[in-house]
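Before any questions on binding or motion, here is one chain by itself as structure tokens, the form predicted on its own.
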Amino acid sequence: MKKLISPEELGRDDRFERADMMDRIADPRNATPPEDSKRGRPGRLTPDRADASDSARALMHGIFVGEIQALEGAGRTCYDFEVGKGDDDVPFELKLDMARQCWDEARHCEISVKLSDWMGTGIGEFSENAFLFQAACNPDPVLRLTGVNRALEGLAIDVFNTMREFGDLAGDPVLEFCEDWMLADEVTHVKMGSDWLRKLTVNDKERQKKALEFQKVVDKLFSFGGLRGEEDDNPIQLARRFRELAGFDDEEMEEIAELSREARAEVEERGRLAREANVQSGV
């Protein structure tokens, strides 16, 4: 079997439609005008939003495809790297942790399929982005762990907590319980990434610094243009308490919040420039 496959090589049936999330983020039509940011953003995911049902179903479908890619990514980490003492080798215990994560992610896939059906969503109703697996393709196991287990599984903590709170507010005990159950697993996955980052770089601070810089890049890219943050109108809220349990300190969480604010400002600036260009061209 081939090692280090590309995202384009992922197997999918004809129910799935692949979309490029970076195209969506960069699209100026999705930017919020700075002078109208409160009205332009939908705000937190609550049952009283006019688009609550569709937004919740879209987010649930996003969770589902993310779980597939998390399973694929952890499985590839088990296979892609050898046990040894080289820079690209990993301890056997890390492979065991990734195998444990595969078991969790497979269960999450099953739960997410049933939850999607419960919420009235079919597989493939919304598009799939391969951004999680893209981070899982990094050839350096340390960067892969920070990109996936700390950055993107950290994002999963925020998303699951958002859905758990939505289930509570909507009076849906099935959704709330399932999201709470999966949230506990995600905290474990992020904690594994935090622990292994420190273990694998304990004698190589330069490599640790490089890995944390890569994590910042992933965190900023996948804040969805600033949709994840701590402002009242951020649909996905930063789940500080659960991130703390997963090994993040206050400084790291402040940094993630700031990266999200920067991403939001950049998207809004692109939108402003696009609108100015349209006015000048008479569009």
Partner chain sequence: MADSKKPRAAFAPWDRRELPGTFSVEETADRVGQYKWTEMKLFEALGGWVATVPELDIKMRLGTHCYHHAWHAELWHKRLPELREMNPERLTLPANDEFVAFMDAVTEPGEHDQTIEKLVGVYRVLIPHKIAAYTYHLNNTSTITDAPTIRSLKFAIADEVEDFTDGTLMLTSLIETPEEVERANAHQLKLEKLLVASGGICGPGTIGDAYDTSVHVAANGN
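Here the structure is a predicted model, which is why all the values come from computation and not from measurement. Positions refer to the first chain, counted from 1.
Below, we refer to the form predicted together with its partner chain, which is not included among the displayed structures.
**Q** With the distance limit set at 4.5 angstroms and only heavy atoms considered, check whether Leu71, Arg76 and Cys109 all reach its partner chain in the predicted bound form.
**A** The answer is yes: all three residues contact the partner (heavy atom, 4.5 Å cut-off).
**Q** Using heavy atoms and a 4.5 Å limit, would one call Lys199 a contact residue for its partner chain in the predicted bound form?
**A** No.
**Q** If you check in the predicted bound form, is Val174 within 4.5 Å of its partner chain, heavy atoms only?
**A** No, Val174 is distant from the partner.
**Q** Even though its partner chain is not shown here, does Leu212 get within 4.5 Å of it in the predicted bound form, heavy atoms only?
**A** No - in the predicted bound form, heavy atoms of Leu212 and its partner chain never come within 4.5 Å of each other.
**Q** Can you work out whether Cys102 and its partner chain are in contact in the predicted bound form, taking contact to mean some heavy atom pair no more than 4.5 Å apart?
**A** Flag for Cys102 set to yes.
**Q** If contact means any heavy atom within 4.5 Å, which of 162-170, 175-183, 200-208, 88-96 contacts its partner chain in the predicted bound form?
**A** Going through the listed ranges, the match is 88-96.
**Q** Quick one: from Ala274, Ala19, Ala265, Leu10, grab the residue that has a heavy atom within 4.5 Å of its partner chain in the predicted bound form.
**A** When its partner chain is considered in the predicted bound form, the option within 4.5 Å is Leu10.
**Q** For the heavy atom contacts within 4.5 Å of its partner chain in the predicted bound form, list the residues of 116-132 involved, in sequence order.
**A** The stretch 116-132, when checked against its partner chain in the predicted bound form, contributes only Ile123 at the 4.5 Å heavy-atom cut-off.
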